[in-house]
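Just the one chain here, laid out as structure tokens, in the form predicted on its own.
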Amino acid sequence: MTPAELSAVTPGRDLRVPFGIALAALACVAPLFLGNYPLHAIIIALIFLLPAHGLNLLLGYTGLLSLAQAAFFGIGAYTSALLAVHFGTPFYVNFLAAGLMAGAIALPLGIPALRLRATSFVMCTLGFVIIGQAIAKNWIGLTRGDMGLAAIPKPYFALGPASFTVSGTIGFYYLVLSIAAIATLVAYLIVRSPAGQNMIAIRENETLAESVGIPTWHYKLVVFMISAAFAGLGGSLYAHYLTVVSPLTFQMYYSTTMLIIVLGGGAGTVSGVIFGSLVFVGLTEALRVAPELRMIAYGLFLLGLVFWFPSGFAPLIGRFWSLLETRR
């Protein structure tokens, strides 16, 4: 057998795992090479990765376009901030409470909203954002209105004699990196599970999925709640990082940012959302050095994306993974 024939039948070495390990190692040592501002940009990107994962489960895998992520993001931020400011609870309590509160509020909102179809559902979720911002502005006794909640403590962990507070950009970077990694793993396990396959079936053909026994409405409601919980967890990190929240936390800009991350990175792919978060959020933060050109440059970048990568970066990422998988 010639060397060429032997090469044809010899399986290629899968380099995806080594590449992933190398990326993880690079992320761990990034503070050694990056200054505070690049780390800040990455932190913001990783914070927005959580609600983007939630939106990807809803839009990319279940086929439901929702603009309500900013509402649940704000609910999580205010929940975490109120607990920390008024009760002095540890960060992990605030963090979990933020996700649970957002998911719980999504239940009564989702029951009527998911009876709607297509455009009507999208408009309904937009209404959630507007209502959330109005409540944050006008429930002054709880939220302090436009003044917002300030002096939110940095993440505090009450672990007996080992209690500590995460302070500084580097400390918060490692905290957010750890949480983002766990959230990514959870999202991956969901989409790879039988439930994830049912979600894809609903996205592709809801009527057919229902005809084979998949409880489509219940699936959509559960995914809507999980998506909201992801957004609430992101809001908690946001509040403890910036140490201030206001009604602006509910602004539509955040919903559109999450939507751009998912669609630009590649809806229906976990790796695409990670890539989209780092590119789009990181880009907007990096462009703050030129505020007069920031939005123009960002808009031109999005226009180029639409024309050259109409399906987002997912096909490009897929070809790259295939190259790693089959490289000899």
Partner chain sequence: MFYTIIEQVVNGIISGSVYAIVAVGMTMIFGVLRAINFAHGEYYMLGTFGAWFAIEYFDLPYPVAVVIGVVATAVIAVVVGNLVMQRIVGASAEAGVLATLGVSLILQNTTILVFGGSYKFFSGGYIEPVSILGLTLAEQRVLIIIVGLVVFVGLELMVTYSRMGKAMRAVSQNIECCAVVGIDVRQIALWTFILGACLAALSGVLTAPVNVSVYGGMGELITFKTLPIIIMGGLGNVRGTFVAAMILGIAESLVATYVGLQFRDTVGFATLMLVLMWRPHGLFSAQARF
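Keep in mind the model is a prediction, meaning the values are calculated, not measured. Residue numbers count along the first chain shown, from 1.
One more form of this protein should be noted, the form predicted in complex with its partner chain, which is absent from this view; the next part is about it.
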Handout entry: Per-stretch contact check against its partner chain in the predicted complex, the hit in 82-90, 125-133, 207-215, 239-247 (non-hydrogen atom, 4.5 angstroms)
Key = 125-133
Handout entry: Heavy atom of P112 within 4.5 Å of its partner chain in the predicted complex
Key = yes
Exercise for the section: Find out whether any non-hydrogen atom of V29 is located within 4.5 angstroms of its partner chain in the predicted complex, and reply yes or no. Expected result: no
Problem - V306 within 4.5 Å of its partner chain in the predicted complex, heavy atoms - result: yes
Problem - Contact label in the predicted complex: T119 to its partner chain, heavy atom within 4.5 Å - result: yes
Practice task
Could you tell me which one of T165, N138, S178, Q197 places a heavy atom within 4.5 Å of its partner chain in the predicted complex?
Solution key: N138
Handout entry: Sole residue of A68, I274, I42, L59 within 4.5 Å of its partner chain in the predicted complex, by heavy atom
Key = L59
